[in-house]
Each structure stands twice: as C-alpha cells, then as structure tokens.
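In structure tokens, the next block holds one chain alone, the form predicted alone.
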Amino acid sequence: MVRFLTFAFLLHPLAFSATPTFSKDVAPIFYKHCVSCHRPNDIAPMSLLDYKAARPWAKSIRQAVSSRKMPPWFADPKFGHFSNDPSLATTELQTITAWVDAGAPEGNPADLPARPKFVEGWQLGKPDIIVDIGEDHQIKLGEDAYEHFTVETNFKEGKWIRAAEIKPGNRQVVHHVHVLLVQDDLKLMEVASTTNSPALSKFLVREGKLTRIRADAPVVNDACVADVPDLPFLTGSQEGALASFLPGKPPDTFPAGTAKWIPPGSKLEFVVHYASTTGKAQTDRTSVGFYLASGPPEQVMRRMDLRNFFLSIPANDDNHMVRRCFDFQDDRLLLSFTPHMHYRAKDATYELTRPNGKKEILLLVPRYDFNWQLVYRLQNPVLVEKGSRLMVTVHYDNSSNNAANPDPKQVVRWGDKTEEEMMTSWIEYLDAPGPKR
C-alpha cells in the first residue's frame, strides 16, 4: 500500500495536497499568463481577473490549457529558446486541472494577490507620447480597405524609444496596423507603404484601397535558387516599421540597452487594414504610444523585412512550398522573428546556414495560426556571421482539408485581402559589433 501511494503521488503531485482554490492558487497563474488579454474591454472574450467572471468558464479553461491551445504559442520546443514563451509550467497546468476537477472553489478572497494594474487600452501602461491618425476616420461598410494616414510628430528634438504600442481606435474593424517612419529616401518605404512602390507597381493591380499581384505576373515560389529572377524584393531586405499591431501580437518592446531613433521633425505613416464589416457605420481613430528611453542606447534596434510577392499557390494543393532567403553581408545579432501569412499558411521554418556549411533551425512553427500572429523573441541573441544565409520556408494548405480556406478551387497569389496570401517575415536585429546610427 505504501508503494502504491508513493507511485500515485509521483504521477500527480497535487493528488494529496490541499485542494487548489481560485484565490490562493489559480489567480496568480491567470495574472501572470492570461489577464493581459483576458480583462474587460480587451481582445479576449471573457475576463479572468476575478472569480465571478472566471468561474463559468472553468471547464473551457481546463480544456484550453490541457490542449495547450492557451496561452497561444506555436514554436516547436526542440528548436530555440524564447524569452516571451507564455506556456504554462507543468505544475501550473496541474494546479488549474485540479482546481476545475474539484469544482473550481473560490477559496478565501483574502488570499487573492494584488491585481495587475492596467491603463485603459494600453498593455504597457500610459505612454510618454501619443500620436494618432489625425482624424475620426469613417469606414465604408462591406469592404476591406488599406488606408494610409501621414501625420506630423512635431518633435523639436529627436526621441529614443524603448517601446511602442499601437492602440486600435475600433477593435471591431481594425485588423492590423503598421506605423512607419517617413523616410527621405522613399524607396525605404515602398514595400510596407504601397502608396509608393515604383519597383513593384507594374506587377500590381489596385482595386480601390487594396492591392494584389497580377494573375499573369511571373511565378517564383522558391526565391532561394541560384538563378532567382531579377524581380523586386526577392533578394536583400526592406526597412521595417517602427511598430506593428496584429491579432495576438504583443506591443513592440525592445531589449534592455537597445532603442529606436525618431529624428526631430519626423512624420509618421499609419498603414491601417480595415476588415470588412456590416451593420451600423463605424469610425476609427487609431493611435501609437511611444515609451521613451532614458538616453542613447548601447545598441540601435533595427528591423528587416523579407517578402516573396511572386508566390502562386495552386488550387487544391495541400502542401505547397514557398521560400525566401537572405544573404548576410555583415555580422548581425538576430533578436526575434514574426512570420506573417494568411488563412492558408500551415507552417514556417527559419534555417540558418553558416559560412562553414553548418545548418541550424532557429525557429520552427509547425502549426501556423492566422488568428495568433506571434513574435518569437530569442532568449539569447544569435550571432550571425557575414556570409551566412537565412532560409525561410512556408507551406500552404489550399485544399478542402483546411477548414479556414476561403476557396480551395482558386489559384492564390499575393494580395492585401485576407482571402489572398502573403509570405512575410519581420526580423529584429542589432548590428554587430557596436552601435550605428
């Protein structure tokens, strides 16, 4: 009997401990992992800040955490370690499971830890500076749109920022947002801001506020081949945005000792994707909040964007491959990856080949989910030597097996609409060694 009890305890460490309660055991887990989204007037469907709000969802919570659906995280743990991995520890998962199985008791409210403090609408707290799109924008019903708003910062002095958070003015209609620093050299903006894209323009069709690649444009699914065609943005990289907002993406926070520079007199361009909506008329006034650094950083934070505009996904293809490569012309420290595709994407792999031929998978996302477009921040920056090559490989499921697929009978090309496709990577990095400006 003693042996049996010992074995049972090893199987389930909580089996013979006190029954977990919300106040003492579960609330601290929710406060740590969940309530940045699961709170009133935020993106999640219910609040987990208090027992009364959380209790009706107990069984659903058990299922979501047991299946690892929540908190959302899709990186394969066999490759890389990430500082923002929100996954529950085994003991935390067991605590929630035992709590639900015991009837989800409240416990003593006096045991509740202090609630996390939030500034309404801002995950990072009140920003030092807020800039909005400059108008209460009227959204047309029944159609997707990409709108571009250029606004003055009125900065008399340049600003070093340690973080930036975009706050949609109307979450019902704002799908995603990029905030760009308007460059003197407009070529640096021509990918993210399609209002200025001379290199790509002859391949684009513009339909109202949306753009897409022409159906008869050249097809290059593998942009990593030796004889890759000389087409726009299939090699090299493009300048990244100051900040971006996407479903499930946290605010842009930069590692200690790093910051981004906004010069005096700068203009910002907001690129806002408004999703199709019906019903009553809607308005939006999206804004960005900047959090100032205490002074010049040790290293300047940078972002490079990689895209393949010339993909073509055949109808009914359940495993179509698209690739994009980047050849490093100098040493860099890689900090994070953000893959961005649409409904048909199924996985993404980031593989580095060093000058000596050694290969290393830096990130594998085996189950991409358009509803949760996450940033994967490396726990330790990866030093990449000049002469290395980064290969990004994405597979798409354009078959009827993909429940999210809008239409498996269509050949799919790059386009702004979520029913079309993209193949994009946003990669944060530092120059190595030493800061540059």
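Worth saying up front: this structure is predicted, and the values here are computed from it rather than measured. In case it trips you up, residue 1 is the first one in the sequence shown, and so on.
One more form of this protein, predicted together with a small molecule, exists but is not displayed; see below.
Stretch in contact in the predicted bound form with the small molecule, which is absent here, among 393 to 401, 30 to 38, 408 to 416, 379 to 387 (heavy atoms within 4.5 Å): Careful reading of the contacts points to 30 to 38.
Of G257, P366, P105, P72, the one that lies within 4.5 Å of the small molecule in the predicted bound form (heavy atoms): It is P72.
A53 within 4.5 Å of the small molecule in the predicted bound form, heavy atoms: No - in the predicted bound form, heavy atoms of A53 and the small molecule never come within 4.5 Å of each other.
Distance check, W57 to the small molecule in the predicted bound form, heavy atom within 4.5 Å: Close contact exists here: in the predicted bound form, W57 approaches the small molecule to within 4.5 Å, heavy atoms only.
Contact of F370 with the small molecule in the predicted bound form (heavy atom, 4.5 Å): Judged by the heavy-atom cut-off of 4.5 Å, F370 is well away from the small molecule in the predicted bound form.
Touches the small molecule in the predicted bound form: V375 (any heavy atom, 4.5 Å): V375: no, not in contact with the small molecule in the predicted bound form.
Every residue of I43, I61 and V65 near the small molecule in the predicted bound form, heavy atom within 4.5 Å: Yes: each residue has a heavy atom within 4.5 Å of the partner.
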